[in-house]
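The chain that follows stands alone, in the form predicted on its own, written as structure tokens.
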Amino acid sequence: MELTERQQKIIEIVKEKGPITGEKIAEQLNLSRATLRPDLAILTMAGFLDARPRVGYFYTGKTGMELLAEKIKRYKVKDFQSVPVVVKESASVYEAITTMFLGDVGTLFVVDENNFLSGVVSRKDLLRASIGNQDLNRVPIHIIMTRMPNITVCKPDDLLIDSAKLLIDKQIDGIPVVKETKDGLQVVGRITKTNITKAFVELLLDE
């Protein structure tokens, strides 16, 4: 976040003399309290300053990078997840390739007859299955998919940063976002590297 010259001066005053009231800050800058109100609101919402009733403003001691990191750590999976692209276990490899192409995704989530997660198929899986002379219309997707419990999943209320770490550590393109039920895992979304990128872009634009 880029601060104006006046906002930087406000921070310096609060650092030196805080806790200090808005009226006292205004006096220091030879400005009215009303003029300073938007700046104080921005600095407080951004986390540079904190305010307590009948006490005044004080400096939090946090740098811009620390405040940015705190904001990132509050992001939840449900705030950035995309619509999942799924195929049935009974689908053929050919159908899966078509679905992946039309959905413009790198990972497909495979569900059983009850629509619960049973597997995951990546581009590499489909490419590997395509090598050779076999009829892809006759090869069922469940033959080549990765099955539970070897599937990395996340939940809507998980922290986005934790899902980003999973993508990196597991070296995968996408993670199914699931809702746990007594009968199985229901796929409600997906998190990919694109979702993570969008989150960081939004964060920087907000700043």
Ligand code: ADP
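Start at 1 with the first residue shown and count on from there. This structure is a prediction, so every number in the text was calculated from the model and none was measured.
Just so you know, the form predicted in complex with the ligand exists too; it's not on screen, but the next bit is about it.
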**Prompt:** V178 near the ligand in the predicted complex, any heavy atom under 4.5 Å?
**Reply:** no
**Asked** Even though the ligand is not shown here, does T152 get within 4.5 Å of it in the predicted complex, heavy atoms only?
**Response** yes
**Message:** When the contact criterion is heavy atoms within 4.5 Å, does R123 count as touching the ligand in the predicted complex?
**Reply:** yes
**Message:** in the predicted complex, is there a heavy atom of the ligand that lies within 4.5 Å of any heavy atom of T146, even though the partner is absent here?
**Reply:** yes
**Prompt:** Just one of A26, I161, I172, L40 has a heavy atom within 4.5 angstroms of the ligand in the predicted complex, so which one?
**Reply:** I172
**Complete:** Only one of 133-141, 77-85, 114-122, 91-99 sits within 4.5 Å of the ligand in the predicted complex by heavy atom distance, namely 114-122
**Prompt:** Does any residue in 23-47 get within 4.5 Å of the ligand in the predicted complex, counting heavy atoms only, and if so which ones?
**Reply:** none
